[in-house]
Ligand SMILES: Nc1ncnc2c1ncn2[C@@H]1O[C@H](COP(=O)(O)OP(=O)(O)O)[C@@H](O)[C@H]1O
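Here you get one chain, nothing else, as structure tokens; it is the form predicted on its own.
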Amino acid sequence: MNEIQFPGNLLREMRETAPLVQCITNYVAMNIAANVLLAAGASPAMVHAEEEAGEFAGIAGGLTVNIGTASPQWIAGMKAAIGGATAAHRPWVFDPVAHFATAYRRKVTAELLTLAPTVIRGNASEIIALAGGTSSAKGVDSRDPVELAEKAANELARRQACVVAVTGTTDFVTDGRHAARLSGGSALMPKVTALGCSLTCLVGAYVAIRPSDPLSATVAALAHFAVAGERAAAGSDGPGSFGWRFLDALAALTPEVLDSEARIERL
């Protein structure tokens, strides 16, 4: 794989192409995830029914799958969509929300991992547990620092032959050979519902325009989020004002500013 590219080039390309991204996400995240993609420059479609998800995945540029509000009907739609995306050689991104919390989630996650995701994005606790380690988390929120998840992320990336992104106060992205750390964002971001789930969808948009280099695409998505979060926080009084300012910041960010303000440590 080539060196990690500057994110500004990918942002420019994404806005020029406005990739259609099929987002199978949870009830809580649908609205904000759609708005995040629109603000960033992509086109979201929340298509999850088994009867059409597979066909639609062949039309979309990329697919994202989030098990936050899993149910048998939704899981069937996820599998159909993954099958359609795979048949059409489209990338797909997996968000294993609280996969360790119940036996049902563990079973579903194990099944979806066999379908070869292009990227896995999760918090530190999710990635540690997914790699087979012991996490201190008990629900959807991470209780482990990103630094403790870096070894697990590398192991998981090599085992799954995919990109793994661990997001939190800092972010860590790896394909098992090359890696990067990113800083930025805001402490207000965890106070706004489903921003992490929305980030998964944005990763899907970037990977859709650069499926041959999912590492650079994932880094670009995380950089876009981090810089926009930092800029939005500067004028915010709290989570409410941060929410709309963040959407504005995603939309206002230019490729040049993204390259100059993104704090990416290539490892």
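Bear in mind the structure is a predicted one, so any value in this text is a computation, not a measurement. We number the residues from 1 along the sequence you see.
Form predicted in complex with this ligand: not shown, discussed below.
- In the modelled overlay, this ligand taken from its pose in the predicted bound form makes no contact closer than 2.4 Å with any backbone or C-beta atom of this form, which marks the pocket as open.
- In the predicted bound form, this ligand sits within 4.5 Å of a heavy atom of N123.
- Taking non-hydrogen atoms only, Q160 never approaches this ligand to within 4.5 angstroms in the predicted bound form.
- Taking the partner from the other structure, this ligand in the predicted bound form has a heavy atom within 4.5 Å of a heavy atom of T169.
- Interface residue remark: A42 is not counted as part of the site for this ligand in the predicted bound form, having no heavy atom within 4.5 Å.
- When this ligand is considered in the predicted bound form, only one residue from G84, P117, G77, G185 comes within 4.5 Å through any heavy atom, namely G185.
- Between the options M189, A179, L156, A129, the residue in contact with this ligand in the predicted bound form by a heavy atom within 4.5 angstroms is M189.
- Shown alone, this chain has one stretch from 84-92, 147-155, 106-114, 191-199 that lies within 4.5 Å of this ligand in the predicted bound form by heavy atoms: 191-199.
- Residues from 217-244 that approach this ligand in the predicted bound form with a non-hydrogen atom within 4.5 Å are limited to F225.
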